[in-house]
Structures are given as structure tokens and as C-alpha cells.
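What follows is one chain in C-alpha cells, specifically the form predicted on its own.
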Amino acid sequence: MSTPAILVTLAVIVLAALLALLMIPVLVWLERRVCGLIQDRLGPNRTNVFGFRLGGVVQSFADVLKLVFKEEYYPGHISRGRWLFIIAPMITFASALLAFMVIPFADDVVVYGEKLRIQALPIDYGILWYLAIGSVGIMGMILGGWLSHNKYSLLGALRGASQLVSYELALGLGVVSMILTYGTIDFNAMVHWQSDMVLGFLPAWGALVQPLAAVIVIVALFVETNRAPFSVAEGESEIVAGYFTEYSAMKFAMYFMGEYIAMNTASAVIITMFFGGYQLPWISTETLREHFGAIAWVLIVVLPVAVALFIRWMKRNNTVRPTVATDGGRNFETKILSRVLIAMTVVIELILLILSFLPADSVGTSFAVTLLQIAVFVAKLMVFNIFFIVVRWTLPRFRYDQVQTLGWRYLLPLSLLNIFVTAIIVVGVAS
């Protein structure tokens, strides 16, 4: 393995860790801001560092520091199995993090004749890894509820386990339908398949080719991540806080962060299987490389306009009400952020200008296409994370019996029917 290949591999691992871990405070911020928007309020916008609020993101980092330095508390009635009590949240956190590692962020890149995957774990059975590792997270939930010796925690753990049994079947069968359609268990190959077109003009995204499977898998992933309206395992109005009632400080933070990493991973799986992954619609990787010069010129024109509109929006919204005393700090923050954005735009414009003159088969063009695909992937990822958040704050939590009814009486029969129809069509087309 050459030195450039090692550097690329390390960069991909670091990128995966950043997308998984640094996304947590961003998602917490989005959760609060979107919730505030839906409930017609502002959300967090006061916490700052040297006058920089960053729209409220600093509040999320303040919460991280609070949990890190908070006193660890162990209930007195937990004497036996305390080490398992401590490890339980780590299991949930680690399983969600490892499940994210098989997601491809961009197409394979060739470095001096070596073909490298833009995956932290470059394996060709990614969907099986996700199903296997993602399911381990429930063990942390069960152990946490059982070892807490608290009846409410135990009820929450049992609810979580029953959800897993109910919806893991529908999720697995929905994935089988997509495996039959794509003819592969490799995430990257699934994205390649979706770069074609159907009916001559629509992108061959899984959601358009298999809409029923898309609905089944998306609903099942909502349950897998324990997000509302399926958050019965931590129903505050019924069982206090569910399986993590007795947890505090960083032990609670592990469960908390595990939920957001699981949501982020579920969003990545959805866009990879059903919405083209890192691909732009109608544009394959080969097309990007062949016409990257033209795409670079489009970005050169569009990027300054987008940044100018964002700065204008920031100046208009990063203010206080007239009835409140003038907040000079916000004007200072807006001015500094505007200058930083303008400087970054100038640098990116110069880089794009240079790249637009490079040949299609150059290493620079390959890396530029990879960066563009990573940007597309992150944009899609944020859209679906926001979708998860909007659903949570729009729909009320289902009753426990309603959750089970939906899983066993509706999703499971529909997933079986979808496999049957998919198999007939695939066999009929193949023959």
C-alpha cells in the first residue's frame, strides 16, 4: 500500500469520525431550532464564546461540557453487576458508531493505480454489517434497564426489545427486496445502480423503483432509532424516562449521543439505499469527471450568489427585537462571520478556477469529484436528519399497542408481499 493510499485511508477514517461525532452537537442544535420553529419560538440563542453564538450551536457544546464535568452518580441499590451497568451505554454508543463506518461518502478514487474506497470500513457486504452491528445496540438498552433494578427502567427495556423483534423483521425483509432489485449487498454498488434512469427521464433512485420498500424501511428505521412517534421505550409520561432513568453524567450522555448517531446512521442508510447516496441525480461519477470543468464554472457562478444571499439573511435575522436593548455583540459576530465567509468563497473560487483547466483523467480532478460527492452526501444527510426531527415534533407518540399493531399487522405482511412481487419481476426480467 503506497503512502498516498495510506493518507487517503486515514483521511476517510477521520472524515467518518467527524461526520458521526461532530454531527451530534449540530443535530442537537437542529433539534432545538426546528422544534422552536414548529412551536413558534426561538430556541437557544444566548450562550456564546467571546460574543460568538453561531446561531445557537455554542449551546450544544456547553451541554457537552456540562455532561463531562457532571458528578457521576450510582444508585445505592445497584450493587451487583455495576460494571455491566457502566458498560451498557457504551454498547449502544459503539454499535451506532460502528454501523456508520460502512457508509460510502463518495465513489472509489484511483491513486497511482490503486483503487481506494471512500469508506472507513472498506467492505463489500455493508448492508449485512449494518443490520448485524446496528441490532447490537438494543443489548445496551436491555442491560441498562435490567441492571437499574427499577421497574420503570425494566419496562422501557422490555418495550425496546419488543420493538426490535417487531420491526427488525420488516426492516430485514424490506432490505431483502432492495438486494433483489440491486443484485448486490454492497452499499457502493447500490449507489452505482441508482446513477441510471428509469422511464427515460427519472433518476433510478430506490425510492422511485421500490416505493413500498422505501416506506417500510424508513418507518422501521424510525423505530430502530427509538425516535418519536415510536419512542415508547422512554415514554416520559408513563415510565419516567424509560431504560436510562437511573443514568447520569457521561453514562446518560452515551445513551443520548448514541440516539443521535443512530439517527445520523439511519439517515445515511436511507439516502444510500433509496436516494442515490453521494450521486447527483442523472449524473454518474464518470460524467462528473468528464465534464468537471463545466461543473466547476457553474459552481464559480452559483457559490458567490449563495454566499451573498446567506450573508443578507444573516444580517436580517441575527438581530434582536426593537423593544430589547441593542446587542452590539450580534453586530460584531455578523461582521466577522461575513468576512470569514467571503474569504472562504474567494479561496474556493480560485481552487475551482484552477481545477476547471485540469484534464478529466488527472488526480486533481478525481479528488475534486470526490470532494463534490462528499458535499452532496452531507447535504442529503442533513435533509434527512431534519426530516427525522420534523417528524418527531409533528406527530404524537403512539401507544405501545399501536406500535406493535403497525409492525405485525401492517408492515410485516406488506414487506412479505413486496418481496414476492419483487422476486417475480426480477426473475421475469432476468429470463
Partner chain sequence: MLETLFALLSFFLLAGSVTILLARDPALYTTGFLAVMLAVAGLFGLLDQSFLFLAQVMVGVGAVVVLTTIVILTINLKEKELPKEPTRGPWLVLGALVIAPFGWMLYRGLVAATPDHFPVLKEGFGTVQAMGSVLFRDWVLPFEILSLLLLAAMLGAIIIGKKEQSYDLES
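Residue numbers count along the first chain shown, from 1. Please read these numbers as outputs of a predicted model, since none were measured by experiment.
The following text describes the form predicted in complex with its partner chain, which does not appear among the structures shown.
Put simply, Val109 is far from its partner chain in the predicted bound form: not one heavy atom of it is within 4.5 Å. In the predicted bound form, its partner chain lies farther than 4.5 Å from every heavy atom of Trp282. The shortest heavy atom separation between Phe201 and its partner chain in the predicted bound form exceeds 4.5 Å. The closest heavy atom approach of Leu128 to its partner chain in the predicted bound form falls within 4.5 Å.
Here the chain stands by itself, but in the predicted bound form one stretch of 270 to 278, 238 to 246, 351 to 359, 152 to 160, 152 to 160, has heavy atoms within 4.5 Å of its partner chain.
Interface residue among Ile91, Ala120, Ala207, Leu221, judged by heavy atoms within 4.5 Å of its partner chain in the predicted bound form: Ile91. Proximity to its partner chain in the predicted bound form, defined as a heavy atom within 4.5 Å, holds among Val307, Met101, Leu147, Met178 only for Leu147. Shown without its partner, the chain has Ile185 as the single residue in segment 175 to 193 with a non-hydrogen atom within 4.5 angstroms of its partner chain in the predicted bound form.
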